[in-house]
Each structure stands twice: as structure tokens, then as C-alpha cells.
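First comes one chain, alone, set out as C-alpha cells in the form predicted alone.
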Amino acid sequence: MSLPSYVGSMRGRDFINTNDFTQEEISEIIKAAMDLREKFRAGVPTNYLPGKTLFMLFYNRSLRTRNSFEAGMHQLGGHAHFLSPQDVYTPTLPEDMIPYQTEAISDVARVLSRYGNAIAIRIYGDAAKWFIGRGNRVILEFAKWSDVPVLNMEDDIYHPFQALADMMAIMQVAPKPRGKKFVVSYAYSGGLKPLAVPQSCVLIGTQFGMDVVLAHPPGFELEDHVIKAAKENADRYGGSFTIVNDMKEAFRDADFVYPKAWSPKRYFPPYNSKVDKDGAVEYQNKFKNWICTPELMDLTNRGKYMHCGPADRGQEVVDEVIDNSSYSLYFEQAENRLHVQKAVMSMVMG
């Protein structure tokens, strides 16, 4: 079987943040993912990583991420090992070491590098002690010591594979996304959620020259370095990036809308001296009217609804929106996770 040219084309590279790659490189990943999606649907074998092993460390639970990575590695002819940190000596940063309960990431990364071909990690929220940026530090520490590619399955700053799946869904509707209005909006949830999805969304949207509008109530600002990078992307790729505090205003004439919950960062370190979950939930409860409804969708330019999942039905969105196949991309995004991950794994592990 002859291999596609994309197999091994990014051999050895980590995949931690989409903004580490050029627009051209991200486009190549999505092109490969579309090829893999066509082959999957047609039942064409894609045995591109025979005998290869992916180690998956899940500090957090998962439906889409775990199953899409496991299924993807199987479809590529390889194998995915699921590793729960509680079932091993938990890989930990130097300042959090506990004898005989944890193990230094520097050791774990080097050991796993000798057993397999890539390491994938998911860590945010409680697993990162709600210290914003700690989950990303864990993944960067793995990347520092690993001799094989490190893949970010979501940390507390970025969710790059979700962003790839999102852009793939957008390009299935608008093959040339430049100039399309893409709204990344806060939506209410009674639970606590990280900044990763909205931050990766604004980064990849601006990287493709879209007119990105970030909408949120006061107090739900994203990380300054992400806002800076989004503005730089807009300048470089010819789109725009604006921030508004009105959901209705943001939705007007939008081509794509992404109403998604995240928690106000000022209730968590390093922006607060302690983790104040109760304060964050109490503040979020002031914005229950930030919910995606058919009335808001009517304001769009026949826009498409998007969400990474799991969506909080009745809080972030009503059923009449998410289940409306005429404009909801919810399940396309979920399916795309499988194919963009297979594309990246083929490229960096091949």
C-alpha cells in the first residue's frame, strides 16, 4: 500500500497549540483530515501507523477525546494505551512531588518515549488545581523531556484538536473562510469550565482571516497573551478581531456562532490568591440570559451553530437550536475530531 504524501510530513513535532503552526500547515492538516474522512466513510483501509503506540494520559474524564483517539489509532493500524494518573504514580511537576505517590514528569516522559511513538495528555480544572496555566505547564514539561511527539488533548489554555475540528466544519460549509463572521460567545453554565475552547477558537479563526467577534459579559475576559496573538493573526492574515459585551449584537449577520461557557478567571490563581469556586459560580449565575435560542439564530446571516460538546442543554443552548440539522454543526464537529486527530498522528508519528 502506497502511503499518502502527508504521512510523516511533520515527523517528530509536538502538537500543543494551533498557533505554533502556519496557516499553510494547518490547511494541510485539514486537507489530510478530509481525505481520511472520505476513506473512513468509504471503508478504505488507512493502515498508516502499523505497530505504532500512543500513550494517553487522562487527568480528566472524556467521551469524544478518548474514544476518537483510541478509534483513530486503531484505524491507522496502531494502538492507544489509556493511562489514568491515579493508576500509576501520578506524573507531576517538581513542586508537587509526593514520595511513592507521584513521579517526575521528566522521568515518565523519557520512559514512555522508549516504549512507544507519541504521548497525549489531557489536564485542566481540578486536575490542574484550578491554577490557570498549570495544565499547560504539565504538557510543556512533557514536551521538554519527551523524545517522541507530545499531543495536547486539552489543557487549561488550549484545545488545539477541537479547534482543528471546528475549522474543518467551517470549511465544509465555507471552503474559503476568510472574511466570514465567526462569533465566539460566552454562554451560561452552572458548572465551571476552562478557557481552552474559546481561546483556541479565536486563534484559529483569526489565523484563517475570519472576522472574529468575541462576545462575553464583563469579567469573562480571555488571557491577555491569547488576545494579543489573535490580534496579530488578524493583522497577518487579513481578518479582524473585535470584542463586545452584548450577545445579541454579536450574533447579528454572523456566518458561524459558537456559544460556549467558560469561567471568570479572576476567581482563580494566578488572578486570585485562592481558588474561589463558589464565587465563580455565583458570578456566572448572573448571566443565565446568555443562552443560544432560535431568536438569536434568526439574527444571523443564516448562520451555523457550533459547540465542542458536551453542551449544557437548557443553559448554553436550547434543544431547538442544537438539534436543528439545518444549521447545527454539533455532530459534524464531533465526527471531525476523529479525522483531524488521525491526520496529525499520521503526520507526526509516520
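Please read all numbers here as calculations on a predicted model, not as lab measurements. Don't overthink the numbering: it's just position in the shown sequence, from 1.
Here the subject shifts to the form predicted in complex with a small molecule, a form of this protein not shown in this document.
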Quiz item: in the predicted complex, which of the listed residues (Pro310, Gly314, Pro45, Pro294) lies with a heavy atom within 4.5 Å of the small molecule?
Solution: Pro310
Quiz item: Though the small molecule is not shown, can you say which of Ser27, Asn301, Ser62, Asn285 has a heavy atom within 4.5 Å of it in the predicted complex?
Solution: Ser62
Quiz item: Out of 182-190, 151-159, 241-249, 106-114, where are the residues with a heavy atom within 4.5 Å of the small molecule in the predicted complex?
Solution: 151-159
Quiz item: Given that the partner is absent here, does Arg122 sit within 4.5 Å of the small molecule in the predicted complex, heavy atoms only?
Solution: yes
Practice problem: May I ask you to check whether Arg337 falls inside a 4.5 Å heavy atom distance of the small molecule in the predicted complex? | Solution: yes
